[in-house]
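Starting off, we have a lone chain in the form predicted on its own, written out as structure tokens.
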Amino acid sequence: MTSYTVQPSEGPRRNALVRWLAADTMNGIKRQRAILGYTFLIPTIVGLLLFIVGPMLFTFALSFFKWNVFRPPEVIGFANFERLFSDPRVFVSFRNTFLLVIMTVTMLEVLAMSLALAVHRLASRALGYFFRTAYFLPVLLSGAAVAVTLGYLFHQDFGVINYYLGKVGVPKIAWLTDSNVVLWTISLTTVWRNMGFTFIIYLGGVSSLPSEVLEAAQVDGAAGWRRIRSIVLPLLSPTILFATVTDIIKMLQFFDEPFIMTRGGPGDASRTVVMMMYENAFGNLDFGYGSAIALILFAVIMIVTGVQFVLSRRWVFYN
């Protein structure tokens, strides 16, 4: 019987071969997982390219043309932007939009945070679920339906709101036809419809606050407004930043409420930037000018968002 003796150098070679095979197997598994992950991402990537990136690039290119669909596009360079910066109605629409943003976002943040703090303190879980559902329900409604319904409620002559105000001696208010009141009407409508989403954001932030910090503050005697100002607000600062950024981006694109409730009136008192873009592009078939307005609005949104993140370094605490 022939015996076989393992050479001293054969053991390390075999171990190296085993390690190489194991590493190659792991790399193959990682490669397969990566391919599978990218396969699942393909529909999302295609959707982003077709419905977001593509239209953005087309809008950018179209802003340098004059086009009304019926005639071939005509290159006019920066003429649309020159017209935009000399159009007083555009500046009025930007002013209205910024006023609406300031009023709406301020009410949204204060009201949503207050309600989140109140609901979080409820002892009854069933009652907490009820209020969460009740506050979030308007978010699920159509913006057009909400605008039509509240437009009737705010009607000066036969609206329910003026009817009950008259019962307590308040004269009728021209909610939708007074240039000094109409922005407040639109802002209140928007707050009622969107408050539930911001409320859920703040409720999640309040629920994740460290209980040991709050209990220590209570032991030290911090209560009421002092506790909210010194403990709760700093801990909630990342949530406040997220809610504020998302709400401002959303409200800079005001369209449903002013378009349906007032058509931008009286005059141009409630006309917003998106309404100007829509009216020029789809009403007047001036797609080049409408694209130029859309680009300026996009630039404004980017600048405002960037300023928010820069300023957040002073008041947002992540630890």
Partner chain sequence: MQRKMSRREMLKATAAGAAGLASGLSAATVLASDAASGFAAPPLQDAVTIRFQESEQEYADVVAAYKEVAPNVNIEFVNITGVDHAEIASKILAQLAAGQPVDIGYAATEATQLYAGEGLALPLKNRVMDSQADLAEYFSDVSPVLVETDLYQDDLYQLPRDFNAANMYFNTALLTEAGLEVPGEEWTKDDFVEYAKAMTGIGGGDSFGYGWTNRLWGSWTPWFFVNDTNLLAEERAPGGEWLWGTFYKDDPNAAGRGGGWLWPAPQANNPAMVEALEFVVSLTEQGLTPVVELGGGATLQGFFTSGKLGMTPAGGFWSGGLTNAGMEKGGFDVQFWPKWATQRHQLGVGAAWILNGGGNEDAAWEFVKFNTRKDVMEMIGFFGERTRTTPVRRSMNNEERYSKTGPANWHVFYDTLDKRPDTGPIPAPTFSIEETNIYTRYTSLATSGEMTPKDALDGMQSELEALYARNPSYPPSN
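What we label the rigid core is the largest C-alpha set whose atoms superpose within 1.5 Å from one form to the other. Numbering follows the first chain given and starts at 1. Just so we're clear, the structure is a prediction, and the values are computed from it rather than from any experiment.
Another form exists, predicted together with the partner chain; not displayed. Remarks below refer to it.
J.: Give a yes/no on whether residue 203 approaches the partner chain to within 4.5 Å in the predicted bound form, heavy atoms considered.
T.: Looking in the predicted bound form, residue contacts with the partner chain do not include residue 203, since no heavy atom lies within 4.5 Å.
J.: Just checking whether residue 239 would be counted as a contact of the partner chain in the predicted bound form - the rule being heavy atoms within 4.5 angstroms.
T.: Result no; residue 239 lies far from the partner chain in the predicted bound form.
J.: Does any heavy atom of residue 109 come within 4.5 Å of a heavy atom of the partner chain in the predicted bound form?
T.: Close contact is absent here: in the predicted bound form, residue 109 is far from the partner chain, nothing within 4.5 Å, heavy atoms only.
J.: Decide whether residue 68 counts as a contact residue for the partner chain in the predicted bound form under a heavy atom distance cut-off of 4.5 Å.
T.: Residue-level check for residue 68: yes, a contact with the partner chain.
J.: If the cut-off is 4.5 angstroms on heavy atoms, which of these, 42, 57, 29, 35, is the one near the partner chain in the predicted bound form?
T.: Only one option qualifies, and that one is 57.
J.: Taking 4.5 Å between heavy atoms as the contact cutoff, choose which of 195, 100, 176, 147 touches the partner chain in the predicted bound form.
T.: By the 4.5 Å criterion, the partner-contacting residue is 176.
J.: So which of 177 to 185, 138 to 146, 239 to 247, 124 to 132 is the stretch with heavy atoms within 4.5 Å of the partner chain in the predicted bound form?
T.: The contacting stretch here is 177 to 185.
J.: Which residues in 70 to 86 have a heavy atom within 4.5 Å of the partner chain in the predicted bound form?
T.: Residues within 4.5 Å: 70, 71, 72, 73, 83.
J.: Could you tell me whether the Cα atom of residue 283 shifts by at least 2 Å between this form and the one not shown after core superposition?
T.: No, shifts by less than 2 Å.
J.: After fitting the rigid core, is the C-alpha of residue 61 off by 2 Å or more between this form and the one not shown?
T.: The answer is no, as the C-alpha of residue 61 shifts between this form and the one not shown by less than 2 Å after core alignment.
J.: Once you line up the core, how about residue 47: does its CA shift reach 2 Å between this form and the one not shown?
T.: After core superposition, the displacement of the residue 47 C-alpha between this form and the one not shown reaches the 2 Å mark, so yes.
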